[in-house]
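Below, in structure tokens: the form predicted alone, a single chain.
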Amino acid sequence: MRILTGIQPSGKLHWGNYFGAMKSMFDLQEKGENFMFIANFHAMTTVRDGVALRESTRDVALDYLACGLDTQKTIMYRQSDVPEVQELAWYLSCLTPMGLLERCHSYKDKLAHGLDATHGLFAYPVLMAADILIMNADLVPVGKDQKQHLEVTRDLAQKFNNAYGEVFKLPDAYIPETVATIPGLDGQKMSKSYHNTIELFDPSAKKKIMGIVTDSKTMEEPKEPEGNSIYELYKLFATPEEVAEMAANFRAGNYGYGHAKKALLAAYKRLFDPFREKREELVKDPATLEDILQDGAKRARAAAAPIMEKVRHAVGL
């Protein structure tokens, strides 16, 4: 089984990214042949700074390697290092109905949030389809907001097959077990757009954790843990026994939010300090990081070659 995952380098990765897409991908490394690409072409729909894009692309690679990506089990590559993706996107564009793209809710949602109505943003699902089909993927982990784009991929694969013969398999979506909404510093969903995130390797993590917004209950008062931001975050890092102990402490009283924040900080450091050390070693050796990405691109292009040969022959090139 071939599994494909993509991540946009559009900013620093945070706790929500780790406990959502990243951890799910690491678990899937044991279940099949894995491909993971850094979608720097896609990021260009919102990132207009070349230096920032290069740095974010590097940071994504470093974060994934530090947190558990195994290059023996997962082929990691930059999207831009596989030019066949753009070639296939053109072939698919020639078969894509305008109405299909106009119905994509992601495009309408991004316009509503103030993004420019560019062709790149509009055609995003076609490029995503090329990313998936070029690697002959069986399974594509997606969030609920991306499920429609996977359906577009299946539609375009079927249109191509109807026009030119059976070339593409139809990939299936894999929606990981629902992870409870991860609260941010202000209690809302953790999101870069809300400016309420804690980055994976944030040097100011302690300050942010101690600044998580709480209600005005005194230390002496009993508190309901469920729905409490600190408690919900603690559940992501702590053992079941530790979680049960914090819940009991909250309900018993004489346990303040400061105590809970310190426990959260300790649990975060326990998990991420080894990742941080590994990342720092990788940062010291940029040549090795580049070698990993170049090797990933070479292996990805080798995987794409048989599909592209079929596609070119089918369309008459």
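Bear in mind the structure is a predicted one, so any value in this text is a computation, not a measurement. If you superpose the two forms and keep the largest set of C-alpha atoms that fall within 1.5 Å, you have the rigid core. We number the residues from 1 along the sequence you see.
One more form of this protein, predicted together with tryptophan (TRP), exists but is not displayed; see below.
Though the partner is left out of this view, V311 does not reach within 4.5 Å of tryptophan (TRP) in the predicted bound form, counting heavy atoms only.
Within 4.5 Å of some heavy atom of tryptophan (TRP) in the predicted bound form lies at least one heavy atom of A39. Shown alone here, I3 lies farther than 4.5 Å from tryptophan (TRP) in the predicted bound form, counting heavy atoms only. Mapping the unseen interface onto this chain, M246 falls outside it, with no heavy atom inside 4.5 Å of tryptophan (TRP) in the predicted bound form. Note on contacts: among I132, A238, I209, L92, the single residue with a heavy atom within 4.5 Å of tryptophan (TRP) in the predicted bound form is I132.
Out of the listed residues N136, N161, Q86, Q146, Q146 is the one that sits within 4.5 Å of tryptophan (TRP) in the predicted bound form by at least one heavy atom. Only one of 31-39, 285-293, 255-263, 52-60 places residue heavy atoms within 4.5 angstroms of tryptophan (TRP) in the predicted bound form, namely 31-39. Across the proposed site, I198, T214 and Y234 without exception lack any heavy atom within 4.5 Å of tryptophan (TRP) in the predicted bound form. When two forms of a protein are overlaid on their rigid core, residues whose CA moves 2 Å or more are considered shifted, and K189 is one of them between this form and the one not shown.
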